[in-house]
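As structure tokens, one chain now follows by itself in the form predicted on its own.
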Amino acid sequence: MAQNGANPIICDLRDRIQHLEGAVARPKTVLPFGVSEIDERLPGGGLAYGAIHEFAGGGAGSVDGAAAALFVAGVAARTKGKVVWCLARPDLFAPALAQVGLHPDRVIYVEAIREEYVLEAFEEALRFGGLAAVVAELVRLPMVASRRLQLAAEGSGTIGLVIRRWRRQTEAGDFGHPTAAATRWRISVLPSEPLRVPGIGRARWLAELIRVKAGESADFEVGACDAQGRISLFSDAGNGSDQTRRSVHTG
């Protein structure tokens, strides 16, 4: 009898200890892309909430970050609620975000004069909780800082999206350094998919899943986000085949 009565007490003590340590247990939830070929490569079937994810552009996109920003905006657009976007370079084009489903009424912009302040605002917003997503444009992401951000995201259950942008393309080698991010993506611009109307094509991207915890990296050719932030695998209809273009890195 005494043992049966002790279990609830022990559970209550464990909950209190977790609360004091800031490690409140939360159910693991994910944000799927809605594309089975991509979701099956991600643990749980999507981008994990309560974690940070890294994105960068390929080639010239490592400096302007345009494709990576639109990819991230599409991810944020598929969440529900307010989105905080932290940046130091005031060149973000809000109408472009709206085109991929992230309406300006949902976004709270935090402009800082130094990257250190961007990092501080990003961490504070992650700890706040109650937000749909938090985005930050960063040049540097040291391992110690990324661990702190990861703990902040775990504590609130908020998804953190980091866009890595550099001032020169030669600095993009920094993207190879390890961080605590759950996934790491590189988004590069591909030639547009021709449409029936001359001179108009649908934008395409090469989405490289470079790193994923407990998963395999892979490359996907995808159509750019639609007005709801959704992407789709590119099918090569031009040569009559319906084969999606995908490669998986098992090494």
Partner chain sequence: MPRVVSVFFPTLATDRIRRADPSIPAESPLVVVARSGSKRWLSAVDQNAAKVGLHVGMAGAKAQALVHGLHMVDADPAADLAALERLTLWALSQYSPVVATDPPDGIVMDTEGADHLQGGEELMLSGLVNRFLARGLPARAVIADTWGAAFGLARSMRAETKVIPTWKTADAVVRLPLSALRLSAETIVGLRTLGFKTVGELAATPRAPLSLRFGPEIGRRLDQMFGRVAEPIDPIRCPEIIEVHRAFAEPIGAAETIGKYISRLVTKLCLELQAKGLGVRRTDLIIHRVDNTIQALRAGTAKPVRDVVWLTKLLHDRIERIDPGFGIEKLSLAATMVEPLKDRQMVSGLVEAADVDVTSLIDVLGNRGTQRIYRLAPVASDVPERSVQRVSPVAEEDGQTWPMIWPRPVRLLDRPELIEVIALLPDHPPVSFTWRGKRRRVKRADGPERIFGEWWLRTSEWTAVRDYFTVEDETGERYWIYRSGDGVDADTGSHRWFIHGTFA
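We call the rigid core whatever largest set of C-alpha positions still superposes within 1.5 Å between the two forms. Residue numbers count along the first chain shown, from 1. All values derive from a computational prediction rather than experimental measurement.
One more form of this protein, predicted in complex with the partner chain, exists but is not displayed; see below.
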Of A98, A172, L151, A145, which one comes within 4.5 Å of the partner chain in the predicted bound form, counting heavy atoms only?
A98
Counting only heavy atoms and a 4.5 Å cutoff, which of 207 to 215, 64 to 72, 33 to 41, 48 to 56 contacts the partner chain in the predicted bound form?
64 to 72
Answer with yes or no whether V139 is in contact with the partner chain in the predicted bound form, where contact means some heavy atom within 4.5 Å.
no
Does S192 reach the partner chain in the predicted bound form if we count a contact as any heavy atom within 4.5 Å?
yes
Quick check on A180: any heavy atom within 4.5 Å of the partner chain in the predicted bound form?
no
Could you tell me if L87 has a non-hydrogen atom within 4.5 Å of the partner chain in the predicted bound form?
yes
Of 93 to 129, which residues get within 4.5 Å of the partner chain in the predicted bound form if you count heavy atoms?
F93, A94, P95, A96, A98, Q99, H103, P104, D105, V107, I108, Y109, V110, E111, A112, I113, Y117, E120, A121, E124, A125, F128
Would you tell me if A214 moves between this form and the one not shown by 2 Å or more at its C-alpha, with the rigid core held superposed?
no
Is the shift of P198 between this form and the one not shown large enough to count as movement, that is, does its C-alpha move by 2 Å or more after the core is superposed?
yes
